[in-house]
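Single chain ahead, by itself, as C-alpha cells, in the form predicted on its own.
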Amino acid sequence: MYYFIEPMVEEDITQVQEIERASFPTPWSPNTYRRELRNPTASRYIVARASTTPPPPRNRFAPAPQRRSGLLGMLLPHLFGDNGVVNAYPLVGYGGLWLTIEEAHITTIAVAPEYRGQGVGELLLTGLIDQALDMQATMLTLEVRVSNVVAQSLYLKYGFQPVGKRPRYYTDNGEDALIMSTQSIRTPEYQQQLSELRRNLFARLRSQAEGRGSPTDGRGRGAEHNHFTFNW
C-alpha cells in the first residue's frame, strides 16, 4: 500500500469525521473544520490517502498543485490523474495544527483503525512539521494522554520533550494531558535529525509497499510494524 499527504479540503470533512468518531470520544463539528480550513494563515490541516499502486502521473498541462510535504515529494512526486482528481484514493488519516505567533500547536492526528500500525501516523506528523516550517513557526507543542506512552515515544523521536501537565484535560475520563514541546525546529541540528528520520520512514514505507516488510527486520516483517498501534 502506498500513502501520500494532501491538504485537507471541505469535501474531506465527512470522511475525516468518520475516522474521528472511531478515534476520539468527542468529535468536532463540521462547522469547526470549515472555520479552520478557511483560515490557512492560522491553521493547517492535512489528510493521508492510500493507493494500492503509485497514483498515475499528473497531467503536465494541469495547474501546479499546492506545496506538499518534503517526505511526500520523495514518496510520490506525481499524485494527480489527468482530471486532477485524488478523491479516488481513500482517506486514511488526518492531522492539523494552529499557529500562535511563532509556535505551532498540533491539535489532532488520527488514522483509520484498519490502517494503524503502518507508519501513517508518522507520515502525518512529518507532514505537520512541514506545515509548521512553511508557516514560519520556530517550535511545536501538543498535548497527549499521560497513558499513551506509545504516542509519546514517537513524539520523543521527533524532538518533543515533556514540559508540563494539564490536570483532568480529557473530558471523557478526566485523564491528565502531558504537554510536550520541541526546541527550535529551524536549527541545522534539528533539520539534520528530521532528514534522517524522513529517510528511515521513507525506507520503511517503500519496503512495505513492495511487500518486503520493514528493512529493520531480517524476518521480513518489521520489528517496528506494531509500534504505531494508537489512534493516529
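All of these numbers come straight from a predicted model, not from anything done at the bench. Start at 1 with the first residue shown and count on from there.
Below, we turn to the form predicted in complex with a small molecule, even though it does not appear here.
- Query: Within a 4.5 Å heavy atom cut-off, is residue 162 in contact with the small molecule in the predicted complex?
  - Reply: Although the small molecule is absent here, residue 162 would stay clear of it in the predicted complex, with no heavy atoms inside 4.5 Å.
- Would residue 204 sit within 4.5 Å of the small molecule in the predicted complex, counting heavy atoms only? Taking the distances in the predicted complex, the answer for residue 204 is yes, it comes within 4.5 Å of the small molecule.
- Should residue 132 be classed as touching the small molecule in the predicted complex when contacts are defined as heavy atoms within 4.5 Å? Taking the distances in the predicted complex, the answer for residue 132 is no, it never comes within 4.5 Å of the small molecule.
- Message: Contact with the small molecule in the predicted complex for residue 120, defined as at least one heavy atom pair within 4.5 Å: yes or no?
- Response: Although the small molecule is absent here, residue 120 would touch it in the predicted complex, with heavy atoms inside 4.5 Å.
- Looking at 99, 146, 150, 139, which has any heavy atom no more than 4.5 Å from the small molecule in the predicted complex? The residue from 99, 146, 150, 139 that makes the contact is 150.
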